[in-house]
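Okay, so here's just one chain, in structure tokens, the form predicted alone.
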Amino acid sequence: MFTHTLPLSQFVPTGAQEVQKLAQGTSDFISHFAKKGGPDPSDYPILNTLLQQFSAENIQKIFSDEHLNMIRNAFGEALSPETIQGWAYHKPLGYAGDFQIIEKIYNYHTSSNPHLAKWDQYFHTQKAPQAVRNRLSFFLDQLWKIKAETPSTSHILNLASGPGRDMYEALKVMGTSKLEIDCVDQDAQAINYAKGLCRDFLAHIQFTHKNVFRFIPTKTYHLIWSAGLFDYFNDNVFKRTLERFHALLKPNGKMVIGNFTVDNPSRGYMELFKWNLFHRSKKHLYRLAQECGFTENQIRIEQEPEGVNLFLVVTKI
């Protein structure tokens, strides 16, 4: 059994030699797991403790880019796009959180390479991907509520619709009766994938290939859903986008915005691979909504079962 001292838990370095020693120790620690073909379940607690400390704040305080590159290089092939963590780091489609990685998360994708499969298995045990998968049932619940509250056809807007998995799973359960969904995504590949996945429901789904900031709607909606877009926005962009799309709601319509919490235990792991989000607390989300002029009875904060993915729900009165 590997008994190397857990590097980052020991001390905060005060000089260049200590930083170098800490970076080397961390690199050796990760290299051990890479050489043995990935972590086993018994390794998860100690590896979690290490990776949780790689949030942007700690990284910026301790390590230079050179040190970080050394640590990342210790993963070897386990940081190639063949693994989910490597896909997150290399961003083959040019942006973080692309439709393919989200679909890999939804489907518990595991590399066919036996030397890399353990890394994907480890990835799927993290709280963040579990929270992403929980979006599916959360979205289904939102559709049931809107459909129950709407006597006629319910009109839904799905911002940054990605692979369309949330729609597919929801419509499989509830059908398309009295539901019309408009989807907006900037990635044409994502739209094509979603069309294929949702091919049985396309009579009730309209796709628009646009950046959400350039999208010009021609109707209003009972529900505007955005699971994974707003936590890439700083506060100013968040508020401008909330105000713009809230205006497109019908009376008593709801806008539901997903955002990862500041207490996300997977944050350091994600940020080591440059999957950076604007994490926000419940109070922060509530304050942003208030700064947009919404009153207390219009604002609600919900969450999925892990408590990692928060949802700001704003109702139009």
Ligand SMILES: C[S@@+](CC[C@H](N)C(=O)[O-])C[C@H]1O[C@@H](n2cnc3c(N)ncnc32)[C@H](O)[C@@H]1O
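Just count from 1 along the sequence shown to find any residue number. Please read these numbers as outputs of a predicted model, since none were measured by experiment.
The next section is about a form of this same protein that is not shown, the form predicted together with the named molecule.
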* Structure fact -> Exactly one of 211, 192, 153, 107 comes within 4.5 Å of the named molecule in the predicted complex through a heavy atom, and that residue is 211
* Note which of 123, 238, 138, 99 lies within 4.5 Å of the named molecule in the predicted complex, where distance is taken over heavy atoms; exactly one does. => 99
* Asked: Going by a heavy atom distance of 4.5 Å, is residue 168 a contact of the named molecule in the predicted complex?
  -> no
* Would residue 182 count as a contact of the named molecule in the predicted complex, using a 4.5 angstroms cut-off between non-hydrogen atoms? -> no
* Asked: in the predicted complex, does residue 228 have a heavy atom within 4.5 Å of the named molecule?
  -> yes
* **Residue contact check: residue 232 to the named molecule in the predicted complex, 4.5 Å heavy atom** => yes
* Which one, 170 to 178, 197 to 205, 157 to 165, 67 to 75, holds residues whose non-hydrogen atoms are within 4.5 Å of the named molecule in the predicted complex? -> 157 to 165
